[in-house]
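Let's start with one chain on its own, the form predicted on its own, as structure tokens.
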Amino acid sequence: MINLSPWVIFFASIFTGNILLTYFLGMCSFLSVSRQINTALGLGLAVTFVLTLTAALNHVIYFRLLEPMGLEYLRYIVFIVVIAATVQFIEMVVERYSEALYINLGIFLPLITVNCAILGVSLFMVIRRYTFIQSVFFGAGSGLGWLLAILAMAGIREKLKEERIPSALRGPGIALIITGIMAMAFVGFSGIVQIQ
């Protein structure tokens, strides 16, 4: 068990251990949905909610059910089922209360289920043997880190629409270059604290 304050884990998962810019998990939806700030904000909030909730649920299921019964080998299947059910719930809520956001997110809302950042947080939580509170803070911090990264990317990409970019770099090319620069910027935080 790691003896770190939940707040240290929370802030470290936003900055020094950013799930997207440090581990490069969750890149598909990050690159696809980061064209407009409103859409990026909606998806980022949904990912944050799913990360926080599934980290809590998967912690309870793994440490209270699977591990005591010797069924640790089922964790991948169980984690994915919990993630899929949570995302289905989010999709129904978004469709009911914000149809415009539901239409803008399109296929990427149900694809949160296969966002590897969400499964990665649950697996990191198990590997690092976090307590329940540490897991919740880790999930919330990872979600906010992902939200911060996608909002920064969306803001940059909206500004770049007005700039003259060589045709070879338009689209995914410039997005990957920006992501690399953002990742290098987050390396500057690495001296603060590590949560590995």
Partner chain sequence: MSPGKELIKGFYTENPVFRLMLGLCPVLATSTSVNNGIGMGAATLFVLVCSNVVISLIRKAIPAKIRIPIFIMIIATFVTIVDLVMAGFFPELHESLGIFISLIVVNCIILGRAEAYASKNNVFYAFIDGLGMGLGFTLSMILISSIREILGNGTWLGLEVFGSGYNPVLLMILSPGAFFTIGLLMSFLSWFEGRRSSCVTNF
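Positions refer to the first chain, counted from 1. Owing to the predicted nature of the structure, the values given are computational and were not obtained by experimental measurement.
Here the subject shifts to the form predicted together with the partner chain, a form of this protein not shown in this document.
Looking at 43-51, 57-65, 123-131, 147-155, the stretch with residues near the partner chain in the predicted bound form, meaning non-hydrogen atoms within 4.5 angstroms, turns out to be 123-131. Although the partner is absent here, Ile37 is not a contact residue: none of its heavy atoms lies within 4.5 angstroms of the partner chain in the predicted bound form. Not displayed here, the partner chain is approached by Thr113 to within 4.5 Å at the level of heavy atoms in the predicted bound form. Although the partner is absent from this view, Tyr73 contacts the partner chain in the predicted bound form, with a non-hydrogen atom inside 4.5 angstroms.
Although the partner is absent here, Met69 sits far enough away that none of its heavy atoms falls within 4.5 Å of the partner chain in the predicted bound form.
Along 74-97, these residues reach a heavy atom to within 4.5 Å of the partner chain in the predicted bound form: Arg75, Tyr76, Ile77, Ile80, Val81.
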